[in-house]
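Below you will find one chain, with nothing else, as structure tokens; this is the form predicted alone, and questions on how it binds or moves follow later.
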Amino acid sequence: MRLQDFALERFFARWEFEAELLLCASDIEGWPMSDLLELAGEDDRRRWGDLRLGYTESHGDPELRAAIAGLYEHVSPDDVLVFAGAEEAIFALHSVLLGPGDHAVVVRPAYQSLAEVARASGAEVARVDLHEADDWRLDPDEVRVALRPNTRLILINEPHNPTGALIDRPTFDRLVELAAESGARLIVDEVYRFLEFDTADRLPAGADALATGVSIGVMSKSFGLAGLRIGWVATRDRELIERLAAFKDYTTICASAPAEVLALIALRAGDRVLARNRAIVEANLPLLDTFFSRWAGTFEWVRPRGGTVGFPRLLAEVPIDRFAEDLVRETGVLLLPGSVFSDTGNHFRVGFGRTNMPLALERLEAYAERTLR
């Protein structure tokens, strides 16, 4: 397997811990350890205090898998496999499900590994493009056209990174039908699930929609706990769970024991965790609405419908890569150029899940006043 460099991760390796303010972060403001532990019930506090730092169960702690299963309608603890973040889950799924002669359908733009690991496994990958003119909506007819007899999986990301788009229920239902009719497996990257701006727009989970459907989840995004490195795959296909577990023997083997306990605390207090995180997003979005309204003609965006990111476009005659580098060097504010998603339309990713976003936006506007007026 020969993987291409991960453009987004290489970009962050260069800038993430040098920049003062990340106006492009995809996660929610991280929880302080003390605040999270305050949410723990008596049983969780006992677990934390009595924890021994040995190996954990390779499938994941049974109580943690039960808490994860509780996020779904038709999923049991045995339908859940814990991974070291969503990235390991993506790597394992592609490695187990795809090989030479296979075909996969993946949306674009998207997190690079959703397509790159499939390509590196030897499969041919068809990309279905999302278009700004269509509000970044996925067209199920384009997915249908992309399908082949050897298509093994259809992979979507809802709510979507980097655009913040969210397909409607009829579109999702049509994708479920296409997967069932073609025999392709529907895999849904759901790391921003529960951050829909209107809860009525929340889609069924992939693992609930089809017996062979797959949901990818993680504590990093909606739950604001990226440092735990706890992700999972949920599917009612037990044979797939066992194949993934066998593959995991060659990667992390098992999860971090402290991280599993902390994830369990967060999931058991899920309503409070998500309410705090949604409040950050809800406070920041109006500031971005005002900014893009004030700068119409210089910047434009399709307002996201969920998650913590959007994908605006710089309309000025300045390449976004150059603008972003000059911005971070002069002001300490980091934007993520769309080029890391292979975008050529001068887009960039903006993140609104951090509490210091107002300050970062203020500096961006001051810099734009100096350089773009």
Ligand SMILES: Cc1ncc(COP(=O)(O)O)c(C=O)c1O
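All values reported here derive from a predicted model rather than from experimental measurement. Just count from 1 along the sequence shown to find any residue number.
The discussion below concerns the form predicted together with this ligand, not included here.
Colleague: Quick check on this chain: which one of Arg278, Arg137, Arg202, Arg229 has a heavy atom within 4.5 Å of this ligand in the predicted complex?
Modeller: For this set of options, the contacting one is Arg229.
Colleague: Within 4.5 Å, heavy atoms only, which of Ile265, Val302, Ala86, Leu244 is in contact with this ligand in the predicted complex?
Modeller: Selected option: Ala86.
Colleague: Given this ligand in the predicted complex, answer whether the residues Ile90, Asn161 and Lys221 all have a heavy atom inside 4.5 Å of it.
Modeller: So, yes: the whole triplet contacts this ligand.
Colleague: With a 4.5 Å heavy atom cut-off, would you call Val191 a contact of this ligand in the predicted complex?
Modeller: Contact check for Val191: yes, within 4.5 Å of this ligand in the predicted complex.
Colleague: Even though the partner isn't displayed, in the predicted complex is Trp295 close enough to this ligand, meaning a heavy atom within 4.5 Å?
Modeller: Close contact is absent here: in the predicted complex, Trp295 is far from this ligand, nothing within 4.5 Å, heavy atoms only.
Colleague: Spell out, yes or no, whether the shortest heavy atom distance between Tyr111 and this ligand in the predicted complex is within 4.5 Å.
Modeller: Result yes; Tyr111 sits at the interface with this ligand in the predicted complex.
Colleague: Please tell me whether any heavy atom belonging to Asn157 falls inside 4.5 Å of a heavy atom of this ligand, as the geometry stands in the predicted complex.
Modeller: Contact with this ligand, yes.
Colleague: Among the candidate stretches 99-107, 247-255, 221-229, 175-183, which one is within 4.5 Å of this ligand in the predicted complex when only heavy atoms are counted?
Modeller: Checking each option against the 4.5 Å cut-off leaves 221-229.
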